[in-house]
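There is one chain below, alone, in structure tokens, taken in the form predicted alone.
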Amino acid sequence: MNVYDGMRIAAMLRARGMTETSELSDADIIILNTCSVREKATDKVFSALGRIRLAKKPSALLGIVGCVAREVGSGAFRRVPELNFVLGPQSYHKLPQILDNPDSPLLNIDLGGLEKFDEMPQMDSSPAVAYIPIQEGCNHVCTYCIVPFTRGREISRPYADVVRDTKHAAQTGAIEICFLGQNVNGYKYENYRLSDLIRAAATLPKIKRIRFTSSYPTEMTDDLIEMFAIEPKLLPFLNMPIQSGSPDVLKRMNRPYSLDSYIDIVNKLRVARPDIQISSDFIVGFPGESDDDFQQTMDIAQRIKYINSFTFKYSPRPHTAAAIMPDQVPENIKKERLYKLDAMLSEIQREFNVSCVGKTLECLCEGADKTGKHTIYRTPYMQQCIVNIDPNTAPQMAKIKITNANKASLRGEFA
């Protein structure tokens, strides 16, 4: 979602005659697009602002957009007096106002629904992967999550608008469509669901791959599961966060699914698409989490065999119920548990990567590696595969034979 927001902001400024620069000292406007889902992310914003205000030229406009802007509001101006604007995730389309009136500080953290999608100009070109937001906000109100405060309650974009954006992306260079939402598989507009959007995107000849993120277990409906069986363009990969393997912790998190129901969904997916692989999100050290609770998380991770996961120590966030729960877990215990979980998940990921050696997979070009001499491709399972070919001559799509693997990436050659 933040990548998409950043692309839309850049497109909006280009439409006003501005160009991007990689040199901070050259910039006339500097925008931090922010995330507040973890406390550390918020802290990084203000650390970065401290560095930027010392390095920027005096006339440059400086501001933050996104979830941290919504979280801290006018307090951002008190913490960083040099700020010119603070715009929430649903009001960054107001950015031209600060360009027209640079001497008047701009604050707008309203939850404006779908207004930004209507007011923002359509991007005139698309990279190979097009991010298409289909809904914003979340109704689940997990006790640890600040999203309902920063992004608001769930609202789905009109079906026709999403289809229009998908067609535009295909016409301007996209090969892969990634549908986005805080609760993406909760998309509901009139009688349309996410499965209908996937079906519509799959009819476009130029679109070769389709995926979506991030999904919620109870919204993984049978019609959506069936799409994995009948639509070959839908990648055999799904991020479906479980957060914890403990029923008691899930209850305190306000995650309304049982382990049995989660496992049943995974089994249905594997029947529909035998080659599907699952990734997840985990939080360790949630208030009241015991050693036994944590072991249950280790057990479910080992049982499902997640090939890639995002793991976090629990981080208290303002405006959430968990922040004031008793029995907060000490930091040293959270750190130890995270280390153990990461070690096990890394080994599972390594085993899966090694199992791919010798297979031929159709992959999408992502661009040059850090050396600039090799090309990075993404497999259907979103693994990074490095191929020894000049990035300037690399085809966008290619069948690649996997020749080597470690826990982080693959090596391959054209089949």
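As the structure is a prediction and not an experimental result, all values here were calculated from the model. The first residue of the sequence shown is number 1, and the count goes up from there.
Here the subject shifts to the form predicted together with a small molecule, a form of this protein not shown in this document.
Residues of just one listed stretch (197-205, 325-333, 86-94, 144-152) have heavy atoms within 4.5 Å of the small molecule in the model of the complex: 144-152. By the criterion of a heavy atom within 4.5 Å, His374 is excluded from the residues contacting the small molecule in the model of the complex. Mapping the unseen interface onto this chain, Ser279 falls outside it, with no heavy atom inside 4.5 Å of the small molecule in the model of the complex. Although the partner is absent here, Ser315 sits close enough that one of its heavy atoms falls within 4.5 Å of the small molecule in the model of the complex. In the model of the complex, the small molecule sits beyond 4.5 Å of every heavy atom of Lys56. Shown here without its partner, the chain carries Gln182, Gln243 and Ile283, all of which come within 4.5 Å of the small molecule in the model of the complex through at least one heavy atom. Listed residues Ala368, Ile29, Cys356, Val37 were compared with the small molecule in the model of the complex; Val37 is the one with a heavy atom within 4.5 Å.
For the candidate set Thr172, Ser214, Asn308, Asn108, a heavy atom within 4.5 Å of the small molecule in the model of the complex is found for exactly one residue, namely Ser214.
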